[in-house]
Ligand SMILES: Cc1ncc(COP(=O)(O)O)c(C=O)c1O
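Next up is one chain by itself, shown in structure tokens, the form predicted on its own.
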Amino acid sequence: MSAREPMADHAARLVEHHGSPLYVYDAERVRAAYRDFTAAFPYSPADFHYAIVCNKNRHLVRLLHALGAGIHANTPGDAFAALSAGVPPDRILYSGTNLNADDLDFLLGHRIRLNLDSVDQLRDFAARGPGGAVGLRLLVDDPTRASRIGVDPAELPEALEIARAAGVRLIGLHMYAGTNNRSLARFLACFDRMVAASELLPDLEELDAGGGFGVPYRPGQEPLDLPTLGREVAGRMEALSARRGRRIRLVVEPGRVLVAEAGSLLVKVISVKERGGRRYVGVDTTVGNVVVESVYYPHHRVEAVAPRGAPLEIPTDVCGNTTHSRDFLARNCQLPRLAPGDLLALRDVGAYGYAMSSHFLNRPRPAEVVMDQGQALLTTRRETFADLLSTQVDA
């Protein structure tokens, strides 16, 4: 079953067997997205690390690792999820912020490579000795723009002094151009700043172009021009390697671009109301089960799984199953005639959908199913009311 074009009877069988709401991922779309993404960067050596923060579904993590992907961890919990899926530590790269002592103990104890976010964190790393190698996240924005991410290029001489005194090698720089970025110019401007700053590092081994590669959620939006971006980055890496007299490794951290369009959330219509020239379609899920406009995404396409004719002219809001005033999964949709029991599909929820779901509003989270080679694989069970309270203890 394709995540974009599910067969109505297939979707109905999935919901009948696994319940509603239900996350469904198309494994073949993930494979194709990974192949397309890696092919866009004609440079060697290049290493691609899946940004697990956007979806830690174990089946998808193992699928991508089998294709050759490492894992990018943004938190120690990301690293734990990757390790639990069977990804070896040497295929996990951490790039994040503000690690406390326990965080450092966990990551260093598992021998996971680090890109550190501040001079203070470099001191913390150096104090643990002996020596070692580490990368730094770099502030790639103009200094006049407020940004909390990374080490300012002006701080690199101080960082090098700290590293030399502790016998630490600074081997790489990491950049962050922002989330869901579809601007070619933005990526290249950030990459150029990182290349320029890298001239200060005598032990440079790799440059990390980071993640944030965006996808178009709304009709008519232009996708990120990955082939052009890949060629431009490759050209810059070739020039850098020539200047250094050795091949500098390129690291890239795709996340959303690999999994977003592979995911759908199937939901069941519970009620339909019409009033004041507007239609309100109530469904059996809530904003707590998926990230929506008020939290992260600007838009999700909503489609009827088995449409009853053409879309109606009446503007339609898809409403969640709580009385929270902002419990809308979609606003101003054009949908066909609907009745209780019909299925709707929220599209492009493979990234940050389940990952940012929560127990807000006290609705258990949905199950997750991966469609892979004709099989419907239950990869995450549906939560129960007991799960909502599972971590509470009697004082």
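All residue numbers are counted from 1 along the displayed sequence. Given the structure is predicted, the values throughout are model-derived calculations rather than measurements.
Below: the form predicted together with the named molecule, not depicted.
Visitor: Have a look at 206-214, 280-288, 236-244, 121-129 and name the one stretch with heavy atoms inside 4.5 Å of the named molecule in the predicted bound form.
Guide: In short, 206-214.
Visitor: With heavy atoms only and a cut-off of 4.5 Å, decide whether Gly135 touches the named molecule in the predicted bound form.
Guide: Because no heavy atom of Gly135 falls inside 4.5 Å of the named molecule in the predicted bound form, the answer is no.
Visitor: Would you please decide whether Val349 lies within 4.5 angstroms of the named molecule in the predicted bound form, comparing each non-hydrogen atom pair?
Guide: Contact check for Val349: no, nothing within 4.5 Å of the named molecule in the predicted bound form.
Visitor: Just checking whether Ser198 would be counted as a contact of the named molecule in the predicted bound form - the rule being heavy atoms within 4.5 angstroms.
Guide: Heavy-atom contact with the named molecule at 4.5 Å: absent for Ser198.
Visitor: Is there any non-hydrogen atom of Ser264 lying within 4.5 Å of the named molecule in the predicted bound form?
Guide: Close contact is absent here: in the predicted bound form, Ser264 is far from the named molecule, nothing within 4.5 Å, heavy atoms only.
Visitor: Looking at Gly320, Pro76, Gly230, Gly255, which has any heavy atom no more than 4.5 Å from the named molecule in the predicted bound form?
Guide: Only one option qualifies, and that one is Gly255.
Visitor: In sequence order, which positions of 57-73 have a non-hydrogen atom within 4.5 Å of the named molecule in the predicted bound form?
Guide: Only His72 sits within 4.5 Å of the partner.
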